[in-house]
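Presented below, as structure tokens, is a lone chain in the form predicted alone.
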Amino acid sequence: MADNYQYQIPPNVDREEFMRTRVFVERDQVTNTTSNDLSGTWNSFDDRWDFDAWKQQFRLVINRMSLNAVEFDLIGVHASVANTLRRILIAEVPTMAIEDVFIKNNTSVMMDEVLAHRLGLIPLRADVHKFGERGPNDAPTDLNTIVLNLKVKCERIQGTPKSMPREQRLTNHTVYSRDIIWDPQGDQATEHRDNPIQPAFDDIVITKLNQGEELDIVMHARKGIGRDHAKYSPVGTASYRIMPEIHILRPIVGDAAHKFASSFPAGVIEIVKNARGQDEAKVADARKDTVSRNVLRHSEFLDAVTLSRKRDHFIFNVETVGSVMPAPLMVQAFDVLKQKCLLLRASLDNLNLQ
């Protein structure tokens, strides 16, 4: 490997624009990471804040969405905004979760404290906007509390021989989240008629019982956010990465093209026939690149490729725990961000008045 490696700005691009908008991915380091969005940093670029201009270049593109996951691109924002959204998704979107566990009877081998902890981590599907905050000294009511019951007993199925596996000769040998039953209070049955309150998944294992063992538990769920306890977080993962870019600086043909392609994950580089009938490497989908920089381990490619990341293009991957679907989750997250902005604006206005 050459010792005189130097990062190369791709040809036919505006050098200052490239330096302003890209993070450089080099052989053994990542450079140009410092934010340079302050007004007056670049002589040839008017970087004064203009809301109308920002609206023209801002985009949010949803690439994939399922029942419990979403992948979207957030384009045209500063890294601080992207990170704020990530932290809001993890810690500030409210949900309902089990907070109080009243164990009337537990003859299983699992200790009460462990059982209560496991129950608290079961995500609940409930419309959180129909419930108010419950303070430490507030009494539980149908407006701030969900009541759930878990009452099961493990018994032998009549006529089954002892030689059969326990799962086949015992009822309620395994206690699942589907065994948790919602007990509507007040007007809750009417309010939540269209979307009954229930665990987000019905196959979460709570514990296992042997013949004659039983559970009799009452639970109270209340409103909270992930900043207070992880059980309130609506997401399992919420992460982003910056859009990778691959700039081929000269033609890479023949066997070198295949070696070049093998240095990237599948689907990033494609092999095409050029005008001379030779195999030539072309960028197919830089988005799939994991930026492993394996290609820079090969000395013959050091002058052939430049790797970068687009500074204001963020690829988000969010996986929910099931308590809130991805679409309403994103709406709620942006609403929290909006409220934070309004609070900051009000605080600045009060500061100016003083």
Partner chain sequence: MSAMDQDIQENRISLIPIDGEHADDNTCCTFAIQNEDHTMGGILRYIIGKNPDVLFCGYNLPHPAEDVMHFRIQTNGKITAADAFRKGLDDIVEMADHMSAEFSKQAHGTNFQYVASHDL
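Residue numbers count along the first chain shown, from 1. Bear in mind that the values here come from a model prediction, so they are computed numbers and not experimental data.
Another form, the form predicted in complex with its partner chain, is not on view; read the next lines as being about it.
Quick one: 232, 341 and 346 and its partner chain in the predicted complex, is every residue within 4.5 Å by at least one heavy atom? All three within 4.5 Å in the predicted complex.
Which is the contacting stretch out of 148 to 156, 81 to 89, 117 to 125, 169 to 177, given heavy atoms within 4.5 Å of its partner chain in the predicted complex? Contact-bearing stretch, as computed: 81 to 89.
Heavy atoms within 4.5 Å of its partner chain in the predicted complex: does residue 286 have any? Judged by the heavy-atom cut-off of 4.5 Å, residue 286 is well away from its partner chain in the predicted complex.
Interface membership of residue 68, its partner chain in the predicted complex, 4.5 Å heavy atom rule: Result yes; residue 68 sits at the interface with its partner chain in the predicted complex.
Is residue 224 near its partner chain? Define near as a heavy atom within 4.5 Å, in the predicted complex. Looking in the predicted complex, residue contacts with its partner chain include residue 224, since a heavy atom lies within 4.5 Å.
Looking in the predicted complex, any heavy atom of residue 33 within 4.5 Å of its partner chain? Residue-level check for residue 33: no, no contact with its partner chain.
Within 4.5 Å, heavy atoms only, which of 100, 270, 113, 228 is in contact with its partner chain in the predicted complex? Only one listed residue qualifies here, and that residue is 228.
Can you pick out, from 292, 29, 63, 299, the residue that has a heavy atom within 4.5 Å of its partner chain in the predicted complex? Selected residue: 63.
Heavy atom within 4.5 Å of its partner chain in the predicted complex: which residues of 45 to 59 qualify? 47, 48, 49, 51, 54, 55, 58 sit within 4.5 Å of the partner.
Closer or farther: how do the CA atoms of residue 343 and residue 134 lie in the predicted complex, compared with the form shown, if the change is at least 3 Å? Compared with this form, residue 343 and residue 134 lie closer in the predicted complex.
Taking the shown form as the reference, report whether the CA atoms of residue 134 and residue 344 lie closer or farther apart in the predicted complex; the distance changes by 3 angstroms or more. Relative to the shown form, the pair is closer.
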